[in-house]
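For reference, the chain that follows is the form predicted alone, supplied as structure tokens.
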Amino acid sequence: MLVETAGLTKVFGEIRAVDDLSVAIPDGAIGLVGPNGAGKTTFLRLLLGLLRPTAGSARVLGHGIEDGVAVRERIGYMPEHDCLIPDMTGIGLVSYMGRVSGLDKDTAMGRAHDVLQFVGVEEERYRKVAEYSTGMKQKIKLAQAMVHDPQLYIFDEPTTGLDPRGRAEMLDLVRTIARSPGRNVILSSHLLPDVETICKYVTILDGGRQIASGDIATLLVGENRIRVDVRGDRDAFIRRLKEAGHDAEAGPLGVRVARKPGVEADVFGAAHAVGAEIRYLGAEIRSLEELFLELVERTSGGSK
């Protein structure tokens, strides 16, 4: 397993930022999502050993988080907020971070040039970080996370502050890393389409707790509902299904109907009654954003 936690808890005063969290996250490209205040960044800092847990335990790449150095030397971390030293040049900062990660001077400098070329920083590498645009600073943050060739990359909101072009470039870089053999990625982002296109597995947090986790393709196939694409009077079709005792509603991709015995026959009966045509009847395929909103609403509703 890439990450395993048991009862992991972090309390700040009266706030339980991470609350009795037990997860088992496999190797690969992993999405970490949740609303603001869900505990995502605190969770990542716990995994890095930058925070000590109030209770519980965690292992990353087989190492307990109490062994912070052993964990961090195997991780490339790109934090959300600015972590750069403004008076250093790009090449100087990235090579310095290579030395911090255990590389010798010559190897660190060679690796720094390689990763800066990969992220698209050319002659600008010799300028001071203070002179960089937001997009350039994000590329330097990515380069310093890569310089020591880690087993695991942790990206915390890597497209923050970027314009559409810069965002697309950054996502292409993250996607390339995620698809490289032997590389693992945890992508924490509030931009769910980005997570859906890059990651194969997702963990969803809310209130410091896990509310869902699993293979994205599997999660997006609704187990308790079917989708019906109907040509004709959709509103009349839905009313007919409701009259027959079914939970039905209009969705962005068709009509959603709760699974129950006899639902298929009633779907065709309702369509015939209102003169509509069934074009599709089968599994509901949702977007990650739809699933996320549904789970958060369900969780919030259950806690009131």
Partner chain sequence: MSISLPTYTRREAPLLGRRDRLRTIVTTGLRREFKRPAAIFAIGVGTAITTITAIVFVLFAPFFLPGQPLDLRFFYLPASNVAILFFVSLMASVIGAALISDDLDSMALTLYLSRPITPSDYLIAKAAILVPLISMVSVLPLVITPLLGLVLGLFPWDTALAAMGLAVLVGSVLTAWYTSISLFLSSLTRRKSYAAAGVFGVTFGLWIPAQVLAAPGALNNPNLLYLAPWEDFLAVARGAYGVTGGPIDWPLALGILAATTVLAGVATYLRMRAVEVVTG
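These figures come from a predicted structure and were not determined experimentally. Residue numbers count along the first chain shown, from 1.
Beyond what is shown, the protein has a form predicted in complex with its partner chain; the following relates to that form.
Heavy atoms of residue 125 never reach within 4.5 Å of its partner chain in the model of the complex, leaving it off the interface. Although the partner is absent from this view, residue 236 stays clear of its partner chain in the model of the complex, with no non-hydrogen atom inside 4.5 angstroms. Its partner chain in the model of the complex is approached by residue 181, whose closest heavy atom lies within 4.5 angstroms of it. Taking the partner from elsewhere, residue 203 is found to have every heavy atom lying beyond 4.5 Å of its partner chain in the model of the complex.
Here the chain stands by itself, but in the model of the complex one stretch of 117 to 125, 191 to 199, 95 to 103, 164 to 172, 95 to 103, has heavy atoms within 4.5 Å of its partner chain. The single contact residue among 219, 88, 230, 136, judged by any heavy atom lying within 4.5 Å of its partner chain in the model of the complex, is 88. Think of it this way: in the model of the complex, its partner chain has a heavy atom of just one of 52, 272, 260, 279 within 4.5 Å, and the residue is 52. Contacts with its partner chain in the model of the complex, taken as any heavy atom within 4.5 Å, map within 45 to 84 to 45, 48, 50, 52, 69, 72, 73, 77, 79, 80, 81, 82, 83, 84.
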